[in-house]
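Shown here is one chain on its own, the form predicted on its own, set out as structure tokens.
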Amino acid sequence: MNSNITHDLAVPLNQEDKAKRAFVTALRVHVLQHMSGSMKNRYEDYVKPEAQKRGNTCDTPEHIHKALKSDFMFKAYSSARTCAQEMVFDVVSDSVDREFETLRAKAKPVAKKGSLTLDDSVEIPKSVSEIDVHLAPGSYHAEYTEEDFATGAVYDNAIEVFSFGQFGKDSNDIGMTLSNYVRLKFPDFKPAKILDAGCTIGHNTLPWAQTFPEAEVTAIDVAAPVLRYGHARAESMGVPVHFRQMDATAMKFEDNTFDVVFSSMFLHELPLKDIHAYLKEAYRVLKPGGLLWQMELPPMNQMPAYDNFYLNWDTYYNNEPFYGTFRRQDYRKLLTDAGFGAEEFMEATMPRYTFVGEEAYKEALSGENTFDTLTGRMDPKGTRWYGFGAWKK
């Protein structure tokens, strides 16, 4: 079975499945841990000095990309990383297809704790429908059979291979880290209604229901297949979440509904106009005294130029064209433009809660924010997630 997937919809794996997944996991580790280091060394020792001789200052991620783009090391790294990304989906799809009917049967039981509400009038945004986001075939909305949820199952299995264990058990560490930040940093804050926007299958939604068990948790996404799977997954884990098909830029909730609006790795997938629309909607549906809290990539203005270049690789080669544009924004201004007060802005870099444990996590929260090569990147040496948001007064 999958080592980090513990729920009833885990796909039984044969030896060939395990071998394929192990190979791609090892390949991604090699690319992201070893080839990336070699590429940075080559840049510092050779590419940067040569580029500066030609007048390239190498002081922005765009300048660094231009300097490295024709270098053999960058080409080798990018080719290997792109192939590995495509292989992540390839090596899990066969097992999901093979076990599809078994998974369908397991997903059939009537909801006991949460709910699923689909709306076929929801229009899939072009930012999802016109590109295979993350190089995932069919992106995250494609349906090939009645009540299809294969896209969700593929994503659940793929993310374990993709992250080589760095998202923790059930790939929920981001949600655990961000929700426990709120619990520990603001012990008097007791949210009753929580919303996760752009939830996919709810990896990072369920931790909010587990961290705040008295709260009603709702999760929205535009893609029906991931919602079907996410609902079945949550039910199998006994966690109450209400999954609804809805566009986060035009929510069908009344004003002042939620105490927390959360998202994880969502904003950088949106065109800038949709980021503005979503944040205004988040402000609208938040209650006064409520919190907007986003797990995201760190802003460019906090990171060294080379790290910005490295993070922005996905903009060009991983079908995430809005990635770099988002990171160039002033995050505080994004929120003030949406209606939040500038003085209510907050941000934090956090160690991974499920890796370090509560006491070490609490100790880390008392320190200053740290922005370096471990911020926002998966790294066994000690990844730190980045979050930002604001209170609604």
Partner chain sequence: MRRIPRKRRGERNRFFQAEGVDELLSALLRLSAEVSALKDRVYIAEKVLEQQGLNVSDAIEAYELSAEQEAELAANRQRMIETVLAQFDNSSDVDDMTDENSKIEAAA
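Numbering follows the first chain given and starts at 1. Since the model is a prediction, treat every value here as computed from it, not as a measurement.
One more form of this protein, predicted together with its partner chain, exists but is not displayed; see below.
- For the chain shown alone, residue 79 is a contact residue for its partner chain in the predicted bound form, at least one non-hydrogen atom being within 4.5 angstroms.
- Contact check for residue 72: a heavy atom falls within 4.5 Å of its partner chain in the predicted bound form.
- Residue contact check for residue 109: none of its heavy atoms lie within 4.5 Å of its partner chain in the predicted bound form.
- For residue 53, no non-hydrogen atom is located within 4.5 Å of its partner chain in the predicted bound form, even though that partner is not displayed.
- Annotated contacts: 214, 238 and 360 are all free of its partner chain in the predicted bound form [non-hydrogen atom within 4.5 angstroms].
- Only one of 79 to 87, 201 to 209, 254 to 262, 173 to 181 lies within 4.5 Å of its partner chain in the predicted bound form by heavy atoms, and it is 79 to 87.
- Distance criterion of 4.5 Å from any heavy atom to its partner chain in the predicted bound form singles out 101 from the list 101, 119, 147, 123.
- Scanning 137, 304, 187, 289 against its partner chain in the predicted bound form with a 4.5 Å heavy atom cut-off leaves one residue, 137.
- Residues 30, 34, 35, 38, 42 are the ones in 29 to 65 with at least one heavy atom within 4.5 Å of its partner chain in the predicted bound form, listed in sequence order.
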